[in-house]
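In structure tokens, the next block holds one chain alone, the form predicted alone.
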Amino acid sequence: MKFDAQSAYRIEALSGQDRSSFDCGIEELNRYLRQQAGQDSRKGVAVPFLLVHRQTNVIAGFYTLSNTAVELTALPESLAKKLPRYPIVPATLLGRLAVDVRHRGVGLGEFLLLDALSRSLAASSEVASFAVVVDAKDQSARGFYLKFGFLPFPESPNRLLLPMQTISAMALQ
């Protein structure tokens, strides 16, 4: 029987939740969620979304979304040639994504990513966005995103993107 994350967890915007016990094993991401995420949300520079266990209200993971722009010349040529010749194109930045070490191994990273892609696609119908962009922290993270079809930027292999057209073709519902 396959694990059903949606029945055990909910995703909600950051508000007053207790974030002190979150531990993804990467201190920079732990510190971000505990100390910086609320400020980023209030200042309008990122929207943090939390994965919360339905029964315990414990935060099992999170991700952030914000607007960004990428230089047309930085994109893979196969994509750039299909776009208008604007110097920059709008995109959505998946800034951070992390799962608590106590909740790993059941597909929550994928669950968070698919939710982020779904939200990004929905928002792109009202605020233009050509793709979702992510900066992979390491080779493991890079491999995770490549598995979902993200494409590397030619000059920055840990910077990846997934075009909205590709996201739209995915069965996210």
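What you see is a predicted model, and the numbers here were worked out from it, not measured in a lab. The first residue of the sequence shown is number 1, and the count goes up from there.
Although it is not shown, the form predicted together with a small molecule is what the next lines describe.
With a 4.5 Å cutoff on heavy atoms, Leu75 does not count as touching the small molecule in the model of the complex; it lies far away. By the criterion of a heavy atom within 4.5 Å, Lys137 is counted among the residues contacting the small molecule in the model of the complex. Put simply, Val106 is close to the small molecule in the model of the complex: some heavy atom of it is within 4.5 Å.
With a 4.5 Å cutoff on heavy atoms, Leu161 does not count as touching the small molecule in the model of the complex; it lies far away. Contact annotation: of the candidates Leu121, Val70, Leu114, Leu29, the single residue with a non-hydrogen atom within 4.5 angstroms of the small molecule in the model of the complex is Leu29.
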